[in-house]
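Below you will find one chain, with nothing else, as structure tokens; this is the form predicted on its own, and questions on how it binds or moves follow later.
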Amino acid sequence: MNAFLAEMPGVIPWIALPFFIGFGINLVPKLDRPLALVVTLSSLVYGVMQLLQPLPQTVELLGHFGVTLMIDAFSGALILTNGLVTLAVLLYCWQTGKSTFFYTQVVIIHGSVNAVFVCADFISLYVALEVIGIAAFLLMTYPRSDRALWVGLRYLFVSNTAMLFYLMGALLVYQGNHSFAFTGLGSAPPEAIALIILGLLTKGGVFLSGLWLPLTHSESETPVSALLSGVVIKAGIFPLVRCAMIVPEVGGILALLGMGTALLGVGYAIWETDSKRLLALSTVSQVGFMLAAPPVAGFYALTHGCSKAALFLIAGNLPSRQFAQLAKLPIPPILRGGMAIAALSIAGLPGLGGFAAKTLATKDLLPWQATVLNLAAVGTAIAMAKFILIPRHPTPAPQPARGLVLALVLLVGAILGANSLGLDAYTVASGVKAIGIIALGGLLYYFVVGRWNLKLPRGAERIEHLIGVMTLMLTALFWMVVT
């Protein structure tokens, strides 16, 4: 109780602030944007404070049930990512005439994602993830078109089914430990571990159970896509990484799944001709790197979130979504420059945040694990080459909106600044290796991938197959946990 009272003045009000403001916005609709800005800036400040905090802080809400909050540098990196991406989305939408309802949902989803990043137990995590699912659905369906409604309902159905599996697993953990704390996963029955991992794999867009993601992220509105891929998807990854760090046996399973999803996502991405679908499939691949290397997952999420949000904002403002058409159309220089920096960061170019994240992610892995992720990195370089090597068109292009420019300045600045957090990744060998991977990816794109037109099947993404795939994943997970 004393620990709770000691930490309450800082942690609890900060968690509650987005929800008070989110619902209060409707009382003062003329202040919707400034109030949303206040919430976002508070996350930026709090994230930086926790990133620099040497020791983790713990707050017990219901100690008897293991309902606990834990804030450390890992949480701080993800909270900072949430603040940066949400701020970029607000800047982008500032002059677009979005309604108060839109900003309400942005603030609520922002607060719910922050809540996930400080959860250390399965029941409070369940509540936060469910709120995220509802708010994400409302943002996806904001345009009210038939297509948007279908994509949103599809997401809600898959999400709620996954969370049903997750809740059953959480209850089994409590039955075995009389506590909902993450630490109880180590002594939980195999079926509890399998159910919880399946639910979080689906929410995080990992491997086969995450194949709902490409359609959802690519068909949502541009700022919503940036928010989903930049931070919301990390809400499913965070607890998986946290559990992997607590329970080594679970970490081995998740590392294997992480490497599988890294190859699966990029395998589809390199043959994709639609820019937004390529970015969504790349997100599937990149979360695999986070699962494979839990110690640097927070830093990786920071660099990836900023880069992917920038690319989604740019892709939504290009004259076409098809790469074949983009080669024939003018693109504003500022969009081309932002696109190159963000894509090169994801590919791992030295001097950008993505290089340090990728280098540190493969540093302490087993040789065969590092080889798998290096292959995925080559595939990432091929996919990102599609953005970097778009031919220039001589016709002058119209200047982008001011909100988009401000958002890109913020995100590109974050990509460059994040590099200072991973200076220990810089060696001659790592720099040469990274440049070699990017060069190889560029050559493979120019001489091979760019000259072929291969269409991979999308049958597994259909709604009637997604639940069946989840069932197969549950069976495989149960077998992996038992053995």
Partner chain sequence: MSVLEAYIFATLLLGFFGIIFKKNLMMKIIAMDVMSTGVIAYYVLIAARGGFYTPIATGAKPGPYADPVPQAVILTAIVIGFSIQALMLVGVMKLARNNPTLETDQIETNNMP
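As the structure is a computational prediction, the values presented were derived from the model and not from experiment. Positions refer to the first chain, counted from 1.
Beyond the structure shown, there is the form predicted together with its partner chain, which is absent from this document and is the topic of what follows.
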* Would you mind picking out the stretch of 386-394, 167-175, 88-96, 242-250 that comes within 4.5 angstroms of its partner chain in the model of the complex, counting non-hydrogen atoms? => 167-175
* Answer with one of Ala324, Leu149, Leu329, Leu366: the residue that has a non-hydrogen atom within 4.5 Å of its partner chain in the model of the complex. => Leu149
* Listed residue that, although its partner chain is not shown, lies within 4.5 Å of it in the model of the complex (heavy atoms), from Ile334, Leu215, Ala73, Leu410 -> Leu215
* Asked: Is every one of Ile123, Tyr126 and Leu138 in contact with its partner chain in the model of the complex, taking contact as a heavy atom within 4.5 Å?
  -> yes
* Looking in the model of the complex, any heavy atom of Gly10 within 4.5 Å of its partner chain? -> no
* Asked: Is there a heavy atom of Thr471 no more than 4.5 Å from a heavy atom of its partner chain in the model of the complex?
  -> yes
* Should Phe157 be classed as touching its partner chain in the model of the complex when contacts are defined as heavy atoms within 4.5 Å? -> yes
* Proximity of Phe207 to its partner chain in the model of the complex, heavy atoms at 4.5 Å -> no
